[in-house]
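Only one chain is included here, represented as structure tokens and corresponding to the form predicted alone.
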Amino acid sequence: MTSALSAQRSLGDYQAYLFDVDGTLIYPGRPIEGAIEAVLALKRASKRTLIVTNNSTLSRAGMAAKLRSFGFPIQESDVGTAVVATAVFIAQECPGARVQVLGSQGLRDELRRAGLEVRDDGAPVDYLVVGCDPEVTYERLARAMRAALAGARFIAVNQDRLIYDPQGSYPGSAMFVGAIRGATGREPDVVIGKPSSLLLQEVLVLLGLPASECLFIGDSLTTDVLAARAVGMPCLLVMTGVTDHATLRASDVQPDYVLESVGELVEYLEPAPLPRRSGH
């Protein structure tokens, strides 16, 4: 299944390739067949590769380490997450801001890394940042609620409903955002992660490339494809995650390219030419 854009431009013709993780590179709890080889092939072809995920629990270093544990050739500089984009967004909007967090240690680490002051003592704050909090307590919920009621700017890392795991699904950030919404009547002032455009906007700044030279690769019409559309970025849908063929056929949202698996991407890549040897 192709569109006019994909008919005009080869899948191997982009400068940068941006990958979602769950359902695209890993699922369920193991690398998707051919995914590691696809990333290696892109690197051999001198293409820029970047992980772009809504994950709200891991820092950039944590996500890179997780992917390396599966065998992916990923370094910290190859990762752009909604956690990092959240930290950058706040630091640009209000450098050194005081932040109350309902979320993971990885989220706190990235906020501090961006020069923000993470507070847990109930003191007044400028921002309330909400992600997935695996160690949530009633007191942490109460502190977050009080910050929202006091008028802190309410930032949601993402609004994903579920985190998929081989042992069974877990609640995503939407549950924690919903708890604050239910207690205060407030919607988030800003949502960073997909399908919001903000995550990919931050990634484009990081890459220093126009959206037209990047290909986003994901498994979800409602997050990955919509996010790419929001910034004018071409997108490839793979059928190894949440979107099946029936859903794709029925949807008004369509990607530019469709492959059964990211592993098929290798077929469209030409190896980088060897450097020419100078004569003597």
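All values derive from a computational prediction rather than experimental measurement. The numbering used is simple: start at 1 and walk along the sequence shown.
Quick note: we don't show the form predicted in complex with a further copy of the same chain, though the next part is all about it.
Asks: If you check F176, Y127, F72, F89 against a further copy of the same chain in the predicted complex, which one has a heavy atom within 4.5 Å?
Replies: Exactly one residue meets the criterion: F176.
Asks: Exactly one residue in V203, L111, C132, V191 has a non-hydrogen atom within 4.5 Å of a further copy of the same chain in the predicted complex; which is it?
Replies: In short, C132.
Asks: Is a further copy of the same chain in the predicted complex near all of L198, R229 and V231, within 4.5 Å of a heavy atom of each?
Replies: No, the whole trio is out of contact, none within 4.5 Å by any heavy atom.
Asks: So in the predicted complex, does G115 come within 4.5 Å of a further copy of the same chain, heavy atom to heavy atom?
Replies: Judged by the heavy-atom cut-off of 4.5 Å, G115 is well away from a further copy of the same chain in the predicted complex.
Asks: Is the gap between T137 and a further copy of the same chain in the predicted complex 4.5 Å or less for some heavy atom pair?
Replies: Yes.
Asks: Is Q105 part of the interface with a further copy of the same chain in the predicted complex - any heavy atom within 4.5 Å?
Replies: Contact check for Q105: no, nothing within 4.5 Å of a further copy of the same chain in the predicted complex.
Asks: Does G185 make contact with a further copy of the same chain in the predicted complex, using a 4.5 Å heavy atom cut-off?
Replies: G185: yes, in contact with a further copy of the same chain in the predicted complex.
Asks: For the chain seen here without its partner, which of 206-214, 144-152, 91-99, 78-86 has a heavy atom within 4.5 Å of a further copy of the same chain in the predicted complex?
Replies: Of the options, only 144-152 has residues within 4.5 Å of the partner.
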